[in-house]
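Take a look at this single chain in structure tokens; it is the form predicted on its own.
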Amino acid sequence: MGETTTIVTGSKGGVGTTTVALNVGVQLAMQTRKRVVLLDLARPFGQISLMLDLNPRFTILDALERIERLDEPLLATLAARHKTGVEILAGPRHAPMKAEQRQSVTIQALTRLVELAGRAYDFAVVDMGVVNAAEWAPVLAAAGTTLLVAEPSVLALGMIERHMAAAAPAGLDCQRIHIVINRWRQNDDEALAAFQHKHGRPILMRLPNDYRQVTEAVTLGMPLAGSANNFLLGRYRDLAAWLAGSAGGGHGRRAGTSVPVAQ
């Protein structure tokens, strides 16, 4: 299991999973100054290259087509380096896939890719989009941590339990699945407290709702940026610091451990 690999997935579509994965990866790279790779496995198209205004030469499909001979040096040549320091293996840009490409996109190949990325880099962050935990269990099991992104709505919170219900019978360690609430406002705290009390699942991090800031970043083709007192950016820094600090032995990634300034 890759203790330094983090998978980011959503409880449902539209909760901002890619935004979370992108900014966690960038903050890991900027804070640690170590090698960080961001894998864009969200389907059907990769969004991260668009969000960063990148036109990468290679994508995930190029890596999967070479999976039988893919090693750490070859993987590094396929990733595009962003000015923040994070290296990106972009998602597919076009559809439909060619016949030979479809044959290479298998759970086994994706699992191998995630495992290799975890060995090749100091940290790997994987944007999975929304997946069925039971069907994607081998890929999810290749990571030390899963960040399950939701928003403070009845539907998104309800889907957390469906994800957990699929994960446990598939052999996934639910203690390594951590809930991140995106687009949080203070008036959501009562509903979130009720959720935690009812289901006994702590919330690792609340990311404040800042539509203007996120939209401007995407428009400019860049990750979130700002001063030290930027509330949203500060939460991403806290989350990245927790992931970096937890990676040493893995024990810090168990459910119930807290992130500074998580409320």
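Because the structure is predicted, anything quoted here is derived from the model rather than measured. Numbers for residues come from their place in the sequence shown, where the first is 1.
Keep in mind that the form predicted together with a small molecule is not shown, yet the notes after this line are about it.
With the partner omitted here, the stretch from 203-211, 26-34, 66-74, 52-60 that lies within 4.5 Å of the small molecule by heavy atoms in the model of the complex is 203-211.
Every member of the trio T17, Q47 and N182 reaches the small molecule in the model of the complex with some non-hydrogen atom inside 4.5 Å. In the model of the complex, none of the heavy atoms of L233 sits within 4.5 Å of a heavy atom of the small molecule.
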